[in-house]
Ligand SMILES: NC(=O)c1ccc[n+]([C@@H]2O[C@H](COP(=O)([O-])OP(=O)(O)OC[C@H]3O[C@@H](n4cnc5c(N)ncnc54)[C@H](OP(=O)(O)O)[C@@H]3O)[C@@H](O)[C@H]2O)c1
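The chain below stands alone and is given as structure tokens, in the form predicted on its own.
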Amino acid sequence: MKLSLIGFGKMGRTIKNLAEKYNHKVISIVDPYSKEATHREISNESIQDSDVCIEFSTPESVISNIEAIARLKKDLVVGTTGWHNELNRVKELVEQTGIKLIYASNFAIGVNLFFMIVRYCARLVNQLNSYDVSIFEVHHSQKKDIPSGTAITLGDIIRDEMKQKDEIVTNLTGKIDPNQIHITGIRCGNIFGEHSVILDSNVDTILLSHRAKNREIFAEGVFFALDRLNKVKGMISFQDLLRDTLLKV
């Protein structure tokens, strides 16, 4: 496929460097700040020859980028975090314009398997009422959002499955309430990404963890999604796409 990259940060560069390995070609780069960009803004000229736009920009610009690309009737893969409270609005836009859109808070295949494992475990311990739960994440010092979108997704999964947990807190300054899930994050150096879910009872601790070794893990999921885009109708999360694919094998 011919790709337009929307945003040219670390992930954009990784996708560009690996595209040919996965039989794709980057034909344009849209970024208002990068010296390597071919265009400064989304327009018919900047993305007209592409099959798909890959959006890894910022939480502040992602919605306006999605709107501009949808109006130009281009399919989308969106990896930017911090906008999922607008899912219904974006879904309506996708339906109105007839495009396809795959989105994720994290495109690493292993992380999405981790989501499934955490959901199953939370569903089990929900029957016991003896485990408390918290989430801990570590990323590189240049990451702009804290906590990570992946950590928030883990919190949402646990809140869905454990009836005693109905609130996520990220800025705790005192005693935590029993109904709350505490998510804490650290930013340090060049760490690609580590996420842990801690389940603690009076007699034991269960620690579920995922650690990314390099940025290619995220690009691999993007190319996995691209290769299955022709089977997608409308808007779908990468986790649902992966689950549907694996369960049909």
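A residue's number is simply how far along the shown sequence it sits, counting from 1. Here the structure is a predicted model, which is why all the values come from computation and not from measurement.
There is another form of this protein, the form predicted in complex with the ligand, and it is not shown here; the text below is about that form.
Site annotation in the predicted bound form: the residue of Met235, Met11, Leu241, Ala19 reaching within 4.5 Å of the ligand with a heavy atom is Met11. The partner is absent here, but in the predicted bound form a heavy atom of Asp145, alone among Asp156, Asp145, Glu167, Glu92, sits within 4.5 Å of the ligand.
Not one of Ser28, Ser43 and Gln48 places a heavy atom within 4.5 Å of the ligand in the predicted bound form. The closest non-hydrogen atom of Phe107 lies within 4.5 Å of the ligand in the predicted bound form. Not displayed here, the ligand is approached by Asn65 to within 4.5 Å at the level of heavy atoms in the predicted bound form.
For Ser61, a non-hydrogen atom is located within 4.5 Å of the ligand in the predicted bound form, even though that partner is not displayed. Only one of 99-107, 175-183, 68-76, 125-133 lies within 4.5 Å of the ligand in the predicted bound form by heavy atoms, and it is 99-107.
Within 4.5 angstroms of the ligand in the predicted bound form, the stretch 71-89 places a non-hydrogen atom from each of Gly79, Thr80, Thr81, taken in sequence order.
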